[in-house]
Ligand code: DGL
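Next up: a single chain in structure tokens, the form predicted alone.
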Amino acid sequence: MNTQPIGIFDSGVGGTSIWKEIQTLLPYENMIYLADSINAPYGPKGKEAIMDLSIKNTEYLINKGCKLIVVACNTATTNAIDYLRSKYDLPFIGIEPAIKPAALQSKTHTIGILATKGTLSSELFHKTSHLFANNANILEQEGHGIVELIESGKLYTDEMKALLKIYLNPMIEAGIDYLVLGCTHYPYLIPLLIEFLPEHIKIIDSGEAVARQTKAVLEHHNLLNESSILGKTDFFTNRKPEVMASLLGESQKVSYLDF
């Protein structure tokens, strides 16, 4: 069973930022990545719709023989992962904004969170914020339009830069010293963010922590692939394979899936 793949799903191409971290830490693991880009973004959808899409994605990956599933979508995690864990008999890894490390390390006690509507409005997000950042000033900003631009292949465009300026200027003026990226699409913005943000503002996301947690859970369940052969990943998307391919590089094949 240890050679069975890790399954990863997201509302689109953003979760490939999580895949890269897992692949770096666990290079011998086989993986299947499912991008439900035709339904991206999940953020504006209601909880019931997000739940239905998460179940559909999960069952596809289970039918492919996955031994563990990474819900590489903040919105799907915050709205559906408790149900998925109760319904299916395999481990799940979720994604949450890295509020805790930002709040603990902030010197100004003012942190910015750029996330989707579905994440910011979720019960899990508010519980995490209250638990770990009760003494911090948290500036929440919905990144409306960002996912759509990334999914359309318009990452480094004037339109994207204009959106970021609108969203981040108030945070800069308020004195944040940490910017938490609360969507797995957003790490692809980091080159733009570095240009735009003052040097003292640190950018933090969940990718490395998710990779470490994936390894820990595999070890706990004796599911690590102990092969000495590098693993392979099969990438599937139901919209514009060329967009995902542009983010992954020419060495990775992306297949279209009518899903």
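Counting begins at 1, following the sequence as shown. Only a predicted model underlies this, so the values are computations on that prediction, with no experimental measurement involved.
Omitted from view is the form predicted in complex with the ligand, to which the following refers.
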From the list V180, A80, I176, C183, which entry has a heavy atom within 4.5 Å of the ligand in the model of the complex?
C183
I'd like to know whether G207 contacts the ligand in the model of the complex, with contact meaning heavy atoms within 4.5 angstroms.
no
Just checking whether V147 would be counted as a contact of the ligand in the model of the complex - the rule being heavy atoms within 4.5 angstroms.
yes
Among 19 to 27, 6 to 14, 245 to 253, 231 to 239, mark the stretch whose residues have heavy atoms within 4.5 Å of the ligand in the model of the complex.
6 to 14
Could you list which residues of 116 to 131 come within 4.5 Å of the ligand in the model of the complex, counting heavy atoms only?
T116, T119
